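We've got the same protein chain twice here, in two forms, each standing alone as structure tokens: structure 1 and structure 2.
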Structure 1
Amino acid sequence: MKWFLLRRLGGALFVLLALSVVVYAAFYVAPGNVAQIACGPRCSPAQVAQVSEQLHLGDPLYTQYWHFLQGLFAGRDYSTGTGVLHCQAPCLGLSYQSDQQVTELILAKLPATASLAVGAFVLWMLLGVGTGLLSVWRRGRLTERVLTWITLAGMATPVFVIGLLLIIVLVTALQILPFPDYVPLTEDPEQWAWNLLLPWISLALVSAAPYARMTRASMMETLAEDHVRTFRAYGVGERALVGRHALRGALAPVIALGALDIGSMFGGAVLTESLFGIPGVGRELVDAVKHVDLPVVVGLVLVTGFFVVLANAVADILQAMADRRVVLA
């Protein structure tokens, strides 16, 4: 297990380093005047020159990337025209729209997106795995067919459609839930959960469908294995076979899919946050792209990539704990 963890950690660090190279090359080693693009069309020549100096565009490419990488681990200094501003590590640069450190800006928006992602993740895992478990337990009956139809409908429906329908039914018509008005968890935990319930349900109804199908398929495959047939021959009940042996065998692919989804949620929250007015990183990314605020865009891409890599590393560990054969692979 120790060598398995070291290999996964080394692979994650390599992926993060490769991601930083690709992101830097995509945004800063671009054709045209990068300083003018980053500063914006209304910048004066003096402001463009200042941005060019901040980005070290006159240096060789490897030196420019080294300054960028150095800022992530040791921080860096930026000229403000009247003085020098120190950006502490991990430094992702300064926003050209607000002159705010990108790290501070992302940290201010991250709790809202994390609240949305984690709450929806827990809900869709419970719905998805529970639906798949029930489908296998009631296989061959009407319950299984109904659940299959519901799962297919959930996979075919976009999240904004479900969100709009829930707003019309639960908020406008029945007035069961309020329209989401994000409240930080530290201020009022009850209002935090109550106002995020509608976005959680919207994401969970869409995202639970693939988990239900994968759980059902994996459990049916496990139930067909020799050791399960042996247990059945010795008189082990069907509920024990499904709930203990088949479910345990189905966890590995479900965990892998869950890690990919929870990581990508941080980058794919644009529609949900815009629909429900949640002040998270998704809305911040839209604003940064609209104003061509390159440091914010680069910072958000790197942070999203970090969470994707982190989620997959955690998934590898959980898979190894659920199935020891993964360690030997």
Structure 2
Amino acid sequence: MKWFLLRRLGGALFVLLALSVVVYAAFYVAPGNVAQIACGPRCSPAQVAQVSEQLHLGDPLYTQYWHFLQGLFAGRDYSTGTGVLHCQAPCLGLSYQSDQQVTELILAKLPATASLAVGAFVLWMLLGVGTGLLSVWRRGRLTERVLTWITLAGMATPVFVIGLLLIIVLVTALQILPFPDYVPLTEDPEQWAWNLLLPWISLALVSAAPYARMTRASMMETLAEDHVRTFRAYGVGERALVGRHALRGALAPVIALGALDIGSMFGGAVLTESLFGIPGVGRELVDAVKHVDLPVVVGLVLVTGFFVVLANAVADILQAMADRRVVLA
């Protein structure tokens, strides 16, 4: 198990390094004047020259990347002409358009994204696993058929469609919920939850479907196993079988998938945040893309990749803990 952990984490670190090379190269070899793009359309030639110097754009690409990497692990200094601007590790660079350090910019947006992701995660896990279990328990009946179709419909609905419909019904027509106006948790927990409820529901409704399917599939498989058959032979009822004895084994892959999904969601629930105006990482990305704020775009793609790699590793480890056979493979 120890070696599996080390190998898995080592692999993750390698992938992260490779990812940073790919992303850096892909964006900084962009056609056109990179310094001009990074600095923004309103920059004077003098400013562009300074940016070019700060990013070492005159040097070969590997030297530029080396400075970038140094910034990530040890921090780096930018000369501003009159003084030195220190950017602490992990330094993702400077956003010249918003005059901020990219790392600080992203950190400021993370709480909103985390609020959205965690709340939605709890809801969709409950909804998905609950639906999956119910359809196993009522298998072969009308309930199962109805649930199967609802799940398919959930898989086919993009979050911006369900979100828009929910806004029309719950906010405009029935006026049950407010249009979300994000309030930080630390400021007012009640308002925080109340305002995030609609985004949570929207995201949970579209995300729950794969979990319902997976829970059902995994549960059916577990129910076919020998030890469960033995339980059944001893007269254990269907409900206790599904709800208690088979649950633990059946949920392992579902939890691994959950780790994977919530990880990638920390990189920004781009659509949900944009639709509901939640000031998180995802909306920041859309804004940065619209303003062509290159350093922020690069930083966000890397941060998202970091969360995905991390989540993949965690999912693998969780799966290995639940099922030792994975370690041997």
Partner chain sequence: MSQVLPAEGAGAVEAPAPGAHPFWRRLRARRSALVAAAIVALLVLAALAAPLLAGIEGQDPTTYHPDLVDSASGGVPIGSFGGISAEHWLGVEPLTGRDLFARIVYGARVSLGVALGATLLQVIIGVGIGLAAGLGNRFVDQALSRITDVVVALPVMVTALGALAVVPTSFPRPVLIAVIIGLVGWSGTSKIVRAQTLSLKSRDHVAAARLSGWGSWQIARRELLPALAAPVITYAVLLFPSNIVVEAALSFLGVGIKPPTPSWGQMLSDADTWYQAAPTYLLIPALLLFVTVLALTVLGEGVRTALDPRAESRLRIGTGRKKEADA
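Note that the structure is predicted; figures quoted are calculated from it, not measured. Numbers follow structure 1, counted from its first residue as 1. Definition used throughout: the rigid core is the maximal C-alpha set that superposes within 1.5 Å between two forms.
Annotation: structure 1 represents the form predicted on its own, while structure 2 represents the other form.
In the core-superposed comparison between the two structures, the C-alpha atom of residue 225 has shifted by at least 2 angstroms. After superposition on the rigid core, the Cα of residue 256 moves by 2 Å or more between the two structures.
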